[in-house]
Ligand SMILES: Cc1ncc(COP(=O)(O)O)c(C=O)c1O
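Coming up is one lone chain in structure tokens, specifically the form predicted alone.
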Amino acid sequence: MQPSLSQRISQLQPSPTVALNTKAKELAEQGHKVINFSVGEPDFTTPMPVVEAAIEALRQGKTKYGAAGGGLPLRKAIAAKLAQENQLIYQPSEIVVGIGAKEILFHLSLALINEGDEVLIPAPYWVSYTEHVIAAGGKPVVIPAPSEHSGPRLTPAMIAPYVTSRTKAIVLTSPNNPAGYTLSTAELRDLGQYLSDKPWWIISDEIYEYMSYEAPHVSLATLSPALRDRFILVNGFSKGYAMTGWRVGYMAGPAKVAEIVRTLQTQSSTCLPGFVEEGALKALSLGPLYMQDKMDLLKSRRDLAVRLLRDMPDVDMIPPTGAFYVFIDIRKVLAKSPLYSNDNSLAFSARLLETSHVAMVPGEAFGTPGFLRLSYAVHEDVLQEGLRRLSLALAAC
């Protein structure tokens, strides 16, 4: 007889985005020309000054253990970035650097949630939010996405029906993954007023802040400083500096939260490699304008994707104003097809990959069936060919 496994952890589902990317690579290795729209990373490489800084650090022997939660120079540099770009004042002791924003978010769930606590998660949501809450013993409470694609994405009226005495936290994501929307300043002000008297932790994932195309990114904490003692900002270097594989993320929040997250890191990944920290420091010194041409390129790709999608019958989308995703509504197409029922974009996505060799993450992964997430962080030729194949697949439903 074998001992039993953890019931809590056994509930977790593998990341569907990772699984889909793996399947796409397997098909490509078999000789198929696969177009992969599933990966949430820029297609351009890390800036060479960042690479050179890390290489020089390796040459200097910075290969030993570092400080848990990030070295003081990096935490000071992040504090300076938050002050200059976001008008948010944090001490280095209130900042923790981890192995990607995903580790920070996971550790936050472990640090904040007790058994049975409920966490409000607006849909569509990034795939790991719910699983992190479950792993910590909490209950993810999904706030359904609004039925209308235009108009507010999250309001107090949308939140209120899902609040209970066990509500412990809410997760906000703007710019949003997977839907590519950004919360407007007016929406953020309304949310700030609503949350002002709520005894909840507010976890704000701002990893796509440099990819806010229609208006500059604004943090809820900047607009509502009264929330500061319950507000936790999460960000990182993966998207804005094309450093996904470097795994550098951070949180800024109350000192007691930072302390427990740092303690968790001492018992898990220990620290960020010293040469990676040097690369991150160099990225911060370059500033956001260094990558502005890449952001402009992503915006032009967004415009191309939207134009091509609008030519497809019965296809709609949430207006994409940030990140590098379009969340495509194919429910009308599926409803007319004898092959699918109940907005089954999961089945359509599987068929799309097998027959058309196009990888797109289905809406089920994000709590919103009937949708497909398109990552347009690919070359324009690839984008056009992939959407041509998608159009043919939809027409054949």
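Numbers for residues come from their place in the sequence shown, where the first is 1. Quick caveat, the model's predicted, so the values are computed rather than measured.
There is also a form predicted together with the ligand; it is not shown, and the following applies to it.
* Answer yes if any heavy atom of residue 275 is within 4.5 Å of a heavy atom of the ligand in the predicted complex; otherwise answer no. => No, residue 275 stays farther than 4.5 Å from the ligand in the predicted complex.
**Q.** Contact test in the predicted complex: residue 100 vs the ligand, heavy atoms, 4.5 Å
**A.** Yes, residue 100 sits close enough to the ligand in the predicted complex that at least one of its heavy atoms falls within 4.5 Å.
4.5 Å heavy atom contact, residue 212 to the ligand in the predicted complex: Output for residue 212 is no: heavy atoms all beyond 4.5 Å of the ligand.
field: Partner proximity in the predicted complex: residue 129 to the ligand, non-hydrogen atom cutoff 4.5 Å
entry: Close contact exists here: in the predicted complex, residue 129 approaches the ligand to within 4.5 Å, heavy atoms only.
Review point. Looking at the ligand in the predicted complex, do all three of 154, 181 and 219 come within 4.5 Å of it through at least one heavy atom?
Key: No: none of 154, 181 and 219 comes within 4.5 Å of the ligand in the predicted complex.
Sort through 300-308, 255-263, 84-92, 199-207 and report the only stretch with a non-hydrogen atom within 4.5 Å of the ligand in the predicted complex. Contact-bearing stretch, as computed: 199-207.
### Task
Identify, from the list 271, 143, 105, 79, the residue with a heavy atom within 4.5 Å of the ligand in the predicted complex.
By the 4.5 Å criterion, the partner-contacting residue is 105.
Looking at 75, 247, 294, 282, which is the one with a non-hydrogen atom within 4.5 Å of the ligand in the predicted complex?
Only one option qualifies, and that one is 247.
### Task
Could you list which residues of 148-163 come within 4.5 Å of the ligand in the predicted complex, counting heavy atoms only?
Result: empty, none.
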